[in-house]
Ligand code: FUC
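Only one chain is shown below, in structure tokens, and it's the form predicted alone.
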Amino acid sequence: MKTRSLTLWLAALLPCVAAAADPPRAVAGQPDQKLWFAQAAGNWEAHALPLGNGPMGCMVFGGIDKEQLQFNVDSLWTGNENMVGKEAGKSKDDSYLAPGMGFYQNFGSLFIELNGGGTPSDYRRQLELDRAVHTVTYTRDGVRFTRETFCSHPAGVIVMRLTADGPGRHSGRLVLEDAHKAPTVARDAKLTASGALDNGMQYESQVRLLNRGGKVAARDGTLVFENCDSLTVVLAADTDYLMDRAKGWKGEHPHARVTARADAVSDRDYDQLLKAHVADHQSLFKRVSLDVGRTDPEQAALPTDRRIEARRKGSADPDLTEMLFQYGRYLLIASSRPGSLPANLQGVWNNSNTPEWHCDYHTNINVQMNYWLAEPANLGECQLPLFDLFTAGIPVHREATRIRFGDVPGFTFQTVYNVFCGTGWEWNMIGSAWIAQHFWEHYAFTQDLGYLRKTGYPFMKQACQFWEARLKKLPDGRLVVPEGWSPEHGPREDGVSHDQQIVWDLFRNTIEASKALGVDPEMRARLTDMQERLVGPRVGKWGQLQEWMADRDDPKDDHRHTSHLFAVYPGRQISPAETPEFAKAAAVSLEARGETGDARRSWTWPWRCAIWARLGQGDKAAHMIDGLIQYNLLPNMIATHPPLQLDGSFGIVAGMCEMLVQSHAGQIQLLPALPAAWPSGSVSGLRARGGFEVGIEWKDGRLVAATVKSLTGNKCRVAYGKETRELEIAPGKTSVVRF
């Protein structure tokens, strides 16, 4: 049973604002964050469990006589830059399968085949989120077998160790299967598969098998092991991809890098490798803790798949909600690290060579939702790969934009997006403006002026330049986005609400960025004038927020997208406090979309969760969490569109953050959308804009106390309900607040 952290309870006894120690980093007695199952994985999508270190990932199946590690590297792509502006952009007939778009690829699988014995018992397969370690245990013929697997970021490899509590119990073979039919070479205790894709991309994977006791021999392209006490398997893989257009997106052959990683690990002690891996992972994962209630011990003891089923049948399980929150954070850590590529639709776990939607970076909601959680859930550095890739593509997009739209400054791009910054399908004219919001938000949370000057502001400025030239003036002087679209819904026409709201947000963010840097006052003045003249939100004939300038919204429309509610979230143009009429209309629109049919998508529930949270509707936000679990959660707790799609797993974390802390409106709002389902609880380590870290404890639906740590020394206003407190906290110091 969980016990509550005492830190915030004691804080409630202190004066209204007082100096205090750092906020708690973890909730005392918080239950183990483990997914576990009583059987091996039946299939990749629903049952296998993910490990990753950013550039590399694997799905572990946990078979007894045949273990499978299906592995990937983030840069293994067919296709190329494709310059779709040259090939398809001369007309408006933009093919989904644009020339050169390609697909994210499956690298291959490593199979560990073990000689059998008697019937196994006491089988358990688990993934520890707080250690990022996958473990399989079972008993056979009176011997206890244990298999640990992790994907190390410090070492850049996947490691599996097989042990038993009896000697000489491991016999069998290792098989490395390349997904592109490259032959496997076995020599000594090593396996190597090296090949090239049809676009010329070169890749290689290597396996080392380290044994204690027994013997290992290469045989027929496999490694055969006999009577070993323990085995350590090391898997390294990479490609020659280079995120540099000037070098043709191509670097050196990966052989030397892969060999160096595998060799370095082979010379190290397993326990040291594991310790370094866990320390690295926990430096990110343990920043945030969440407690929203206690689960009945009998339910908490169930395997994860059975807990999900029980939750679907109505059993309360707040610990499962907490695990869903932490699982999303875990997946982002595993699939997006500085130096890697960004998280795509299926992260580093795609198992197909022709995956749905290319397994790409969809720029009309999906890649954005992947990163909504990064800043508030205290994983800001995990968002850096997004900035790297889209910055690298600027020269590509400038050229394609001019071919498609004429001699205009700045740039935008199409909807589907690959690692060579090639794009395809519909022109997502608003795409660069929406991505620019992420460049701004990283600064808003971190207050890193160096980053803003070098990376954030240049991208935002060029996105603005496109719209300075592109906006259309109406006869009354107002400005509209021409030929817009409300993804993926309705006709192309002028003044679509989704587009208007994103441009408004872009201009506001860029104005604030230019002020922070003290640059471009003339452009700032132009943007201020243009922002004021943008056609704004409208309330329609049945009280809805209009999706288009024409009042044509259908109250029976259950479309999955809620594009015209961008201004509520992730934008900041509409709020209950500042624009109550529009906030009320947004709620009418969202209610009308319903929860059936087309609305049941992995990413639909999280977006609506965050919107309801911004509207102060905690119970409705919590209902969206229930909807994701009910309809779009696989037994392994990954969201499915279908198919498996990570944006739902990532996005629901952002929605929960918005329920607990909001900071988009110039103040830190505590518990703005606390649902009845979370009557008592606590959270620590959430981030707020302005450079703050927040911890909160509440009881019986009321705030007990909060801690606010300043990372930069900025002043802030903290609000709870209609009450506010003004704080001035020295950098690195913490204040305790109660109301």
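Residue indices: 1-based, along the sequence shown. Keep in mind that this is a model prediction, so the values were computed, not measured.
Below: the form predicted together with the ligand, not depicted.
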Exercise. Is every one of 345, 362 and 560 in contact with the ligand in the predicted complex, taking contact as a heavy atom within 4.5 Å?
Worked result: yes
Exercise. Quick one: which of 364-372, 663-671, 141-149, 519-527 gets within 4.5 Å of the ligand in the predicted complex, going by heavy atoms?
Worked result: 364-372
Exercise. Which listed residue (451, 357, 582, 111) meets the criterion of a heavy atom within 4.5 Å of the ligand in the predicted complex?
Worked result: 357
Seminar exercise, completed: The listed residue (612, 603, 71, 417) that reaches within 4.5 Å of the ligand in the predicted complex by any heavy atom is 603
For this session: Tell me, yes or no, whether residue 641 is in contact with the ligand in the predicted complex, where a contact means a heavy atom of each within 4.5 Å.
Result: yes
Problem set entry | Touches the ligand in the predicted complex: residue 532 (any heavy atom, 4.5 Å) | no
Exercise. Using 4.5 Å between non-hydrogen atoms, is residue 105 touching the ligand in the predicted complex?
Worked result: no
For this session: Using a 4.5 Å heavy atom cut-off, state whether residue 488 contacts the ligand in the predicted complex.
Result: yes
Seminar exercise, completed: In sequence order, the residues of 297-320 that place a heavy atom within 4.5 Å of the ligand in the predicted complex are none
